[in-house]
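Okay, here we've got a single chain as structure tokens, the form predicted on its own, with questions on binding and movement later.
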Amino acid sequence: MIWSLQATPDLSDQQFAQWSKLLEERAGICLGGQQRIFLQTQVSMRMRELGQSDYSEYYECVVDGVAGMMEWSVLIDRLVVKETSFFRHQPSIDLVRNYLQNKINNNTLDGSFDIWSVGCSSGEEPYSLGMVVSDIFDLARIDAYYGITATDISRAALAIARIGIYPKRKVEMINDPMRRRYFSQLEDGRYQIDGELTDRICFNQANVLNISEMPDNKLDVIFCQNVLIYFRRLLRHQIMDAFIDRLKPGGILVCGLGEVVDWVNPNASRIVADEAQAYVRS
């Protein structure tokens, strides 16, 4: 108890470099000097929970065999879970909405409409996409035939996503008709996602660094926002190339505005959109 009230020492330059290298090797996350305090805070909080006081000793625990991998899964949750929201970037959501609507209007929807939400965190993004897609199928008066695969590196975030229960403050930002259709309010004031959506979304733990090991199912939409910003330029380009390979002809890749500024691929062209960044596969 006495130690837990003491201030944790600062990371030395060597320790910061050691931890940064581990994060980049295992998660692709490239930390700059400005993230040093964040890394130190999150690591020291976990060390305090374990009653440890030395960064180097804790590092050895994290890299030590099976027990180390279990501890790593706990720590990485602290380092990558981000605050998110429903319909976080409306222009990107609207781009997907218009893309599906055009396919229906032009009678080019062939089989299932398949989406991959990359870095889905606690589920708000794939559920937002699901609401939009369901609405479009309803308006077109055709059977909804779609599926969403949602992946994240954090098991803790995925556990929240699978349960699909959110605080009132998050859900009340959604317009009334959509909230009434897709949510049920619980006795404690929180909101539960309707089974119509949860049945359509498959949440899986995955590291985008290992994309070559993932099933190569062809997709209509890959939605990847606020993920690539953590990676080095070359790695961003490699991941974008792999995304394009997993799209159906005519499929679209939607990324965060400005996340990738100098990437080109012979099989992809930029979609003209002022407030969103997306590419279509030829």
Ligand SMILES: C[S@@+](CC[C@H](N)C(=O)[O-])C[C@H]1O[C@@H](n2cnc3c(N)ncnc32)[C@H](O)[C@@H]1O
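Numbers for residues come from their place in the sequence shown, where the first is 1. Everything numeric in this text was worked out from a predicted model, so none of it was measured.
Beyond what is shown, the protein has a form predicted in complex with the ligand; the following relates to that form.
*Asks:* Would all three of 101, 105 and 200 be in contact with the ligand in the predicted bound form, where contact means some heavy atom lies within 4.5 Å?
*Replies:* No residue of the spot touches the ligand in the predicted bound form.
*Asks:* Mind telling me which stretch in 201 to 209, 90 to 98, 129 to 137, 184 to 192 gets its heavy atoms within 4.5 Å of the ligand in the predicted bound form?
*Replies:* Heavy atoms within 4.5 Å of the ligand in the predicted bound form occur in 201 to 209.
*Asks:* So, residue 83 and the ligand: in the predicted bound form, are they within 4.5 Å at any heavy atom pair?
*Replies:* Output for residue 83 is yes: heavy atoms within 4.5 Å of the ligand.
*Asks:* With a 4.5 Å heavy atom cut-off, would you call residue 161 a contact of the ligand in the predicted bound form?
*Replies:* Heavy-atom contact with the ligand at 4.5 Å: absent for residue 161.
*Asks:* Does at least one non-hydrogen atom of residue 230 fall within 4.5 angstroms of the ligand in the predicted bound form?
*Replies:* Residue 230 belongs to the contact set for the ligand.
*Asks:* Is residue 153 near the ligand? Define near as a heavy atom within 4.5 Å, in the predicted bound form.
*Replies:* Output for residue 153 is yes: heavy atoms within 4.5 Å of the ligand.
*Asks:* Identify which of 40, 238, 226, 53 has a heavy atom within 4.5 Å of the ligand in the predicted bound form; exactly one of them does.
*Replies:* Contact residue from the list: 226.
*Asks:* Can you work out which of 61, 27, 47, 242 has a heavy atom no more than 4.5 Å from the ligand in the predicted bound form?
*Replies:* Contact with the ligand in the predicted bound form is made by 27 alone.
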